[in-house]
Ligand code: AMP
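Before any questions on how it binds or moves, here is one chain, the form predicted on its own, in structure tokens.
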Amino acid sequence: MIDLHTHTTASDGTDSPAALINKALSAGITTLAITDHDSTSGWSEAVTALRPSLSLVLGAEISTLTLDGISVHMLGLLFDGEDKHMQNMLAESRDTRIPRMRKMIDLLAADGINISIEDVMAATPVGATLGRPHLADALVRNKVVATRDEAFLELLHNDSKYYVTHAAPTPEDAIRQINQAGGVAVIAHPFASRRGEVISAATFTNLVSAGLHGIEVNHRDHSQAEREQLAQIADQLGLVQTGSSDYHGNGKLNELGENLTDPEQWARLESLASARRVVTK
């Protein structure tokens, strides 16, 4: 069982890296990728907690923006974590999240919604990449909404008046940097329209030119028709097809292993990295 997209308390998940490793073992996962938002800070703990029956894929989910302002998430897997240019790109993305959060809080407060930056920081685990899920958790704590899902549905979705974007690399720039760091690039949930505006099928040609390796086809936010269309695009462009849970612990309904990657597809994807970086014990 191969799950190539999960999150921990290093970003917006609710399980520590060690706890996620243990849950993956219990769930029968054999290959697990940890892909926190714009961060590799959970890698060390995950490696320490690793057990012989599990292979660990280290990565990150990189926040990007197209030139026309569409949010795209790019999974970088198996890249060199010591690559300075890669770490600089991740750090710059994280740094823009604080002013963005303050703007969103100001917009909410202007409408009389009870929230402050102190509330959000109190809901954010130490060292985590700050994001909307932490704002959602603060809104739950302040009894503005009942759940994180409700916060996103009513207040924090991409088309909300309270949504503020943040500076980010283009998808093409992120792909090139992942490649330069020796990793592989997989676009995450590209047709998940309920999250907001999505890229068109024609966009994939430019992403392939930049060095895209794969498409996350099987994801809970894709309908069956969207999965079929993405599979067709992957076949036409010679891209690897992956399936993933996008697990966040208690933060989302997603369950570990609810979507998986075919072993042959994974073997092909792994072979495209510059070195064998899967961690085993």
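This structure is a prediction, so every number in the text was calculated from the model and none was measured. One rule holds for the numbers: they count along the sequence shown, beginning at 1.
Another form exists, predicted in complex with the named molecule; not displayed. Remarks below refer to it.
S.K.: Where, among 77-85, 178-186, 203-211, 126-134, do residues come within 4.5 Å of the named molecule in the predicted complex by heavy atom distance?
M.R.: Checking each option against the 4.5 Å cut-off leaves 126-134.
S.K.: Can any non-hydrogen atom of Tyr162 be found within 4.5 angstroms of the named molecule in the predicted complex?
M.R.: Tyr162: no, not in contact with the named molecule in the predicted complex.
S.K.: Please tell me whether any heavy atom belonging to Gly251 falls inside 4.5 Å of a heavy atom of the named molecule, as the geometry stands in the predicted complex.
M.R.: Gly251: contacts the named molecule in the predicted complex.
S.K.: May I ask you to state whether Lys103 is within 4.5 Å of the named molecule in the predicted complex, using heavy atom distances?
M.R.: It does not: once the named molecule is placed as it appears in the predicted complex, Lys103 has no heavy atom within 4.5 Å of it.
S.K.: Heavy atoms within 4.5 Å of the named molecule in the predicted complex: does Glu197 have any?
M.R.: Taking the distances in the predicted complex, the answer for Glu197 is no, it never comes within 4.5 Å of the named molecule.
S.K.: Looking at the named molecule in the predicted complex, do all three of Asp3, His222 and Glu258 come within 4.5 Å of it through at least one heavy atom?
M.R.: Answer is no for this spot.
S.K.: Could you pull out the residues of 196-210 that have any heavy atom within 4.5 Å of the named molecule in the predicted complex?
M.R.: Going through 196-210 in order - heavy atoms within 4.5 Å of the named molecule in the predicted complex - there are no hits.
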